[in-house]
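Alright, two takes on the same chain below, each alone as structure tokens: structure 1 and structure 2.
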Structure 1
């Protein structure tokens, strides 16, 4: 959204193609506490405020899924599920995808007890027992959010200690209904018509037990989602787009902004900074600078 705003304000004709909700992962974050200008703000609200700036800038909005990017002379074809668009320059700002658990039962119960967004779906499990898988900031943030509305939360993590920042560890420690299940990994999600539990394996004893829950929330990290741009831009072994500090990629006229590119810090504020940088470099590219 930042890239679109900066590019439009520079006088360029801009089309913003989004397959989901404008704001991506930001919309699924309960509270944002480290974005300058706000002591605390809900993710959906920050997304909405940014989106209002996008619409005010006169950006053309398209709801579609990008399938591939192809070179067309000196321009590019953005091939989507519904239509194909031509562009003189392209800014890739597609973020990342959520990592799946890759265990039996996950696919069968996806959307029927298995969720990847506690803020989106947590209310469906109000007053019930749920499990959260993961040990990073997102997992502990999800556990704390669910701890406030669910009866019991089982926080399952493969290591003895969590990888999350200390403030998130302190947050879950304030809940009596959050039970730590460390040194365990999920092996199967079970149920019949509805999800009834999750099987976990103790990494120290190799024993397996079933924890009765109504919902499972996966928060095991993020993965790149750049198959649509394969062969156009250089990517790392992990699939992240290689670019310099100005978001310039290996392909002329193609820029990368936000979590999709190789970088050490993936935050909203750094994604916004990337968007502004990518838009400026796109403008200079189009002007032959």
Structure 2
């Protein structure tokens, strides 16, 4: 939405193609506490406010699913489920999906104790006990982040060893409030009105126990789906679009903004920043700069 606003305000003719809800992942969270200008705001409300700016800027809105992108001379064909559109430049801002745990209780407590983003929601669990599920770089990074603000962090991982870089292992080792619960898998999230714990199964003994926690952070990975664009732009092994800090990709006239691109911090503020940069570079590209 930010890319569309900046591009339209710069005088370009902009079509915003969205297959779901304007606001994307934002719409799935109750509280956002780290978007400057708002002490706290609901995800749907921030989405709505951004959407009002999109319509005020005169962006054309299209509800459709982008299936692929093809070169057409110096232009691009954006092939959607219902129609095909031609564009002089394309900004890809299709985001990511968060991998779910797929265990009982997850849906019921999503946004009420179950979180997929430690940087977003960690502050709600300040001084409390939480669990982090996963054993890769993001899980260990999340555990270290939460170790700094929570009372105790249980790091639950199905293998004996973490599959994270050494620097993340060193980081969690420096916290004495992070407890490793290796060779365990989550079985069920428990609670009544509020989340009270997580049931885990020991893969070596098959025994099940409940760890009392107020929050569960799933850090089992993000799913980036850029198959539709892989033939046009370079993507990483994990499926993120490779771009520079101005959101310029390997294909002339194609830019990538937000969570979909290879980057360190996936947040609303960084997605918006990318949107603005991508639109600016798209304008320069179209002006032959």
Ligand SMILES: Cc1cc2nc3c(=O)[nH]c(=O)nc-3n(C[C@H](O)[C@H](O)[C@H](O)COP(=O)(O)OP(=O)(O)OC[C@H]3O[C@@H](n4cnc5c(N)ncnc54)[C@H](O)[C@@H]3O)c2cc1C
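Only the largest set of C-alpha atoms that superpose within 1.5 Å between the two forms is called the rigid core. The structure displayed is predicted, hence computed values, not measured ones. Numbering follows the first chain given and starts at 1.
Where the criterion is the form predicted together with the ligand, structure 2 meets it and its counterpart does not. Superposing C-alpha atoms between the two structures shows the smaller rigid body rotated by 60° with respect to the larger one. The two forms line up on their rigid core, and residue 169 then has its Cα shifted by 19.6 Å between the two structures. Comparison between the two structures places the CA of residue 201 4.0 angstrom away from its other position, after core fitting.
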